[in-house]
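Next up: a single chain in structure tokens, the form predicted on its own.
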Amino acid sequence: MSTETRQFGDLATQLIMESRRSTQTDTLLKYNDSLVRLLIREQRDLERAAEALEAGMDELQGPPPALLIIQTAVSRNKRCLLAYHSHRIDRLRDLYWDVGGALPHILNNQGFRSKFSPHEVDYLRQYNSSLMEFRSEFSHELDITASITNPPKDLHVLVHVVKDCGVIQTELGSINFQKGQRFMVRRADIEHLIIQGYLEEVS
């Protein structure tokens, strides 16, 4: 028991250190599925050990020290698991908004997709679906996916096409944005393409 006790919390600490590295480098690290599974397995082992100690506990003498240690380890592991996943959800939402809410742009990018767990992909899809449903209620008045860092001075903007992005429906009709071309278009129609790096605003 003493050897196991000294190791309690090691796996959880590794998860927290990963979250810290992610914050320090401002990147989303690959989901550590193997470490999460090991930690969940440790939780089950600890819970079984706690149940065995509780079954043989003498009510007059109170809980044995080993049981208190195990319960503390279980509680700490849970907090660390929640903190790890909460951190990743925050990073996923930041990533989503950084590309102007263009979910296909994220999921079709293998560099991003390879870092997600299947549950995180489901989360992004559900988050996007909820946001689109909310957005549809007032899409004519406001685009909530548009950047508000620098409020626009004009409704229309001159843009330079940095990367081909195909035919886009705008207020003026369908426009085929091909690399090297310039267009004067309504900002609301192409704001997401500026955020994603396909278009560049011409000062």
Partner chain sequence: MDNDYFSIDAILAENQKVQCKFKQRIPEMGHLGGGSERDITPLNKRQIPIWLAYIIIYSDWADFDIPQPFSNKVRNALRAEPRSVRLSNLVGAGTGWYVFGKTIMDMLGDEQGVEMSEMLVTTFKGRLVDVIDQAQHFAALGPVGGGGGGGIDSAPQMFREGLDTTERELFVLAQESARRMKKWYEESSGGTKRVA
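Numbering follows the first chain given and starts at 1. It should be emphasised that the depicted structure is a prediction, and the values quoted were computed from it without experimental measurement.
We do not show the form predicted together with its partner chain, though everything after this point is about it.
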{"query": "Partner-facing stretch of 64 to 72, 170 to 178, 28 to 36, 157 to 165, counted where any non-hydrogen atom is within 4.5 angstroms of its partner chain in the model of the complex", "finding": "64 to 72"}
{"query": "Heavy atom within 4.5 Å of its partner chain in the model of the complex - residue from R125, K78, R93, H119", "finding": "K78"}
{"query": "Contact test in the model of the complex: R20 vs its partner chain, heavy atoms, 4.5 Å", "finding": "yes"}
{"query": "Exercise: I16 in contact with its partner chain in the model of the complex, heavy atom 4.5 Å", "finding": "yes"}
{"query": "Its partner chain contact in the model of the complex: M132, any heavy atom under 4.5 Å", "finding": "no"}
{"query": "Interface membership of L107, its partner chain in the model of the complex, 4.5 Å heavy atom rule", "finding": "no"}
